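Coming up is one lone chain in structure tokens, specifically the form predicted alone.
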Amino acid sequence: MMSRPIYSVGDRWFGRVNAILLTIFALCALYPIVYVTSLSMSSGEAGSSGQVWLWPVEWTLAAHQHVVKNSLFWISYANTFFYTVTGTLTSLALVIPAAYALSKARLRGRRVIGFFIAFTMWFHAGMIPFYLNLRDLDLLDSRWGIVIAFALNAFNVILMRNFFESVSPTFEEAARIDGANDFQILWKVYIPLAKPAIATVALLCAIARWNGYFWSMVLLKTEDKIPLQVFLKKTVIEVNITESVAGAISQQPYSLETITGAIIVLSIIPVLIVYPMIQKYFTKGVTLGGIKE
């Protein structure tokens, strides 16, 4: 019969303090979501006067109904899905081969190439040269400009390379004995083994694409091409409400505050649905990506 482990008084108190701190951190992370959701389901008067802090006040879905009736909202939503899905697949198509090549000691100049890739994490040319480069490549106000310009991230390459380096070389040796080349080894051996790391990189890329705001605002000028985050900015920040418009809004069951909350809530629904499904891969991928033999 197995005996229970003996914990000292210090161990028990350490566990209790950790549980309390983690609970506080979890509540701090959860509260903004609860607040925005409650705000979006409150009346316009309650939202603009600051009466909402936890639960909806004068519960209504008028703000949500107003948002979903806006055709530009759905266009920007579709654009966000396009940038996220296409951008993530493009990033994986570049990150995986690059990481596989850098994980092989037989690659000439591997350390130099790796250094220059890591160098971009610390230093970059700057916003203006980057913008001018995209302008010269005719990628301004282009959907593919958003996809291609941000397709490769140095951190993702290093993370995937570290995982590939942790794979035992016996797998590759066995595949080469069977006559496989590098492309076959990557596709049939490394990629199946790297599913946790690939899921991690895919999640990082997807979140970055979904939340992409600044460069989409700078590079895209046509409203039919803007993503959801830029639509939110145009709806809330750039709207100069005159007294007549303010009077018209005050007569409605919604306000700018509740509309803002509704857009935010509707924009995070896909993330809340997808993330729990791949959370285990994310945790495992980060752990495995840091292991090197």
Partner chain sequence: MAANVSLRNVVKRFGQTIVVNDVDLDIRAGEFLVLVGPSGCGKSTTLRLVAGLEQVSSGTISIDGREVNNLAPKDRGVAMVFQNYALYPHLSVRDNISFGLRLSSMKRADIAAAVARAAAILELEPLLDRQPAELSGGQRQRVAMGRAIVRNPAVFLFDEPLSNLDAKLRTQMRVEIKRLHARLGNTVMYVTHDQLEAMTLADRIVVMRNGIIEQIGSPEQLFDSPASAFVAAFIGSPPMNLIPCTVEQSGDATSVRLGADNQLCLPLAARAALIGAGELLFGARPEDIHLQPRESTQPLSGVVELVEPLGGESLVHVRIGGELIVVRAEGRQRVQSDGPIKLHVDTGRIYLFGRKDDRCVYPAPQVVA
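Numbering follows the first chain given and starts at 1. Since this is a predicted model, take the numbers as computed values, not measurements.
This next part talks about the form predicted together with its partner chain, which is not shown.
Shown without its partner, this chain lists V189, L220, A199, I75 as candidates; in the predicted bound form, only V189 has a non-hydrogen atom within 4.5 angstroms of its partner chain. Although the partner is absent here, S71 is not a contact residue: none of its heavy atoms lies within 4.5 angstroms of its partner chain in the predicted bound form. By the criterion of a heavy atom within 4.5 Å, L89 is excluded from the residues contacting its partner chain in the predicted bound form. Proximity of L193 to its partner chain in the predicted bound form: non-hydrogen atoms within 4.5 Å are present.
In the predicted bound form, its partner chain lies within 4.5 Å of some heavy atom of F171. For the partner-free chain shown, S168, T170, F171, E173, A174, A175, R176, I177, D178, G179, A180, Q184 of 168 to 186 come within 4.5 angstroms of its partner chain in the predicted bound form, judged by any non-hydrogen atom.
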